[in-house]
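This document opens with one chain alone, in structure tokens, the form predicted on its own.
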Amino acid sequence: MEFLGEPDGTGAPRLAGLRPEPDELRDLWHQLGDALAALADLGLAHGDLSAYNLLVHRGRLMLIDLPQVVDVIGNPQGPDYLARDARRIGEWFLARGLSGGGSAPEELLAELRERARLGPWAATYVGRAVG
């Protein structure tokens, strides 16, 4: 574990407490997509992703609270967790002005499902509520 913040001890703020300008919002969205894609490449989902589990330090996005990471293949509800993560965080970004015609969460989920190599069988899980 490392401290993410300033030398004076001020910690990096949670994304939930920020109101990024449009360009910064778009950059943070792309950083998040890259981070989630890296997890999906390993067959994993955060499992409890929200703007409260993301820190921003000097323009750099950092995922936190990873102990609940979920195996999207081995866990029968794994695809549900992946869908919930994409929906929740996508809605947060859309509510703050991310452009994309309202399809950002669906596009993110489609990419993550492909990267996690979820087959057609997993589609039956995607609409169900988790937790």
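Owing to the predicted nature of the structure, the values given are computational and were not obtained by experimental measurement. Note that residue numbering follows the sequence shown and begins at 1.
The discussion below concerns the form predicted in complex with a small molecule, not included here.
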Contact segment among 36-44, 78-86, 23-31, 63-71, judged by heavy atoms lying within 4.5 Å of the small molecule in the predicted complex: 63-71
is_contact(Leu55, the small molecule) in the predicted complex, heavy atom dist at most 4.5 Å: yes
Contact test in the predicted complex: Leu118 vs the small molecule, heavy atoms, 4.5 Å: no
Contact of Leu109 with the small molecule in the predicted complex (heavy atom, 4.5 Å): no
Heavy atom of Glu2 within 4.5 Å of the small molecule in the predicted complex: yes
